[in-house]
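Only one chain is included here, represented as structure tokens and corresponding to the form predicted alone.
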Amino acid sequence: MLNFEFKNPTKIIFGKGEIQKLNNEIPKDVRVLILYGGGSIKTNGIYEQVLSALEGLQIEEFGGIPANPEYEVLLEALKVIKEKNINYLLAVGGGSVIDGTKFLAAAAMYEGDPWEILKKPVRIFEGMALPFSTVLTLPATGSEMNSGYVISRRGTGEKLSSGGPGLFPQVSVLDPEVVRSIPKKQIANGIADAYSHVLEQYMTYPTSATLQDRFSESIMQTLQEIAPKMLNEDFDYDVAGNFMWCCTMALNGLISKGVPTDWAVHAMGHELTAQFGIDHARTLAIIAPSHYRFNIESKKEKLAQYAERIWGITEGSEEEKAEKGIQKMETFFHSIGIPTRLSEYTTAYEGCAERIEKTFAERNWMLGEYRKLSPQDVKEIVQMSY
């Protein structure tokens, strides 16, 4: 097992009706900016619950943070923070709203050009950002219990990530009841996103970190088990609770400790979102099978383990089991309504692999757990995904 340090200071408040407990968690003397997305919180009852919990506090609001939070929109929120002397943020939304809030927490205390935080990037430590909490409304990204975030910039087509130990939420409220009003397409995205997060931390090479492997496998197996129930029309609170907790556990830092991680699929997927506007989770499902096939020689032991433990495939050589595991992964994505070829999302895919290669070359990026995956390799993987 690799050396590691682990500290996750986020307090999770989980369960039905727990939003009201924010009243005891947020200091009484702060000026709070509530941040949210398209306004669905005003139709599903969450907004009223949040206002009730914050009764007596000084409150401002900023809505309209889009999926793949845009830098230009966040700059407008930053103006509000500075003009209203905001000193506490509350994200009420999914991963995009929470990611945007993390960026704003850092940007509010950064003295230079805010884009430098992402471009350099600037690692944010304790005391370098405004305090913030979250009310999760769309399980998927795990942003409610980690310190990373991703921001898009429409003008340049960039989608960059940053973070640091100063960007953990203080408190995150997870009420599975919010899942009741989420469209099934977004549910499928959340399942695929969480599943892909686990793969990025699991599908590398064997280590002695047996417990982390079992943690990862249990999250994937749970997601596979509950996926059909989550996509049924009938709402099941217990199933929704398991879904929500899987998404959080998939990316709160626990399963990555002591093991190598990859994240190349995310790097490539971000570029597909930047170029075509494809939902983040779906770009991961597009890239993952080709990535694992391209790297099957270095990943075959873990792919075979995945096939055996997750799908019960015990016959064949290691290479054969590895390929069958990839096929099962694709079948799982298809079962929740997510296509795994870029050509199923756009007809304008020609040339995108070359553009991504050029972008990664300009950034001097080498990807994968060995940091040996070159921009030229990336081009081939993306082309395999057409």
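Just count from 1 along the sequence shown to find any residue number. These figures come from a predicted structure and were not determined experimentally.
One more form of this protein should be noted, the form predicted together with a further copy of the same chain, which is absent from this view; the next part is about it.
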Is the gap between W245 and a further copy of the same chain in the predicted bound form 4.5 Å or less for some heavy atom pair? yes
Taking heavy atoms and a 4.5 Å cut-off, does L254 contact a further copy of the same chain in the predicted bound form? yes
At 4.5 Å between heavy atoms, is S181 in contact with a further copy of the same chain in the predicted bound form? no
Can any non-hydrogen atom of I13 be found within 4.5 angstroms of a further copy of the same chain in the predicted bound form? yes
Name the stretch: of 222-230, 150-158, 98-106, 76-84, exactly one has residues whose heavy atoms fall within 4.5 Å of a further copy of the same chain in the predicted bound form. 222-230
Note which of E297, D113, D238, E315 lies within 4.5 Å of a further copy of the same chain in the predicted bound form, where distance is taken over heavy atoms; exactly one does. D238
Let me know the one among L303, A188, V259, M145 whose heavy atoms come within 4.5 Å of a further copy of the same chain in the predicted bound form, would you? M145
Of 1-31, which residues get within 4.5 Å of a further copy of the same chain in the predicted bound form if you count heavy atoms? M1, N3, F4, E5, F6, K7, N8, P9, T10, K11, I12, I13, F14, G15, K16, E18, K21
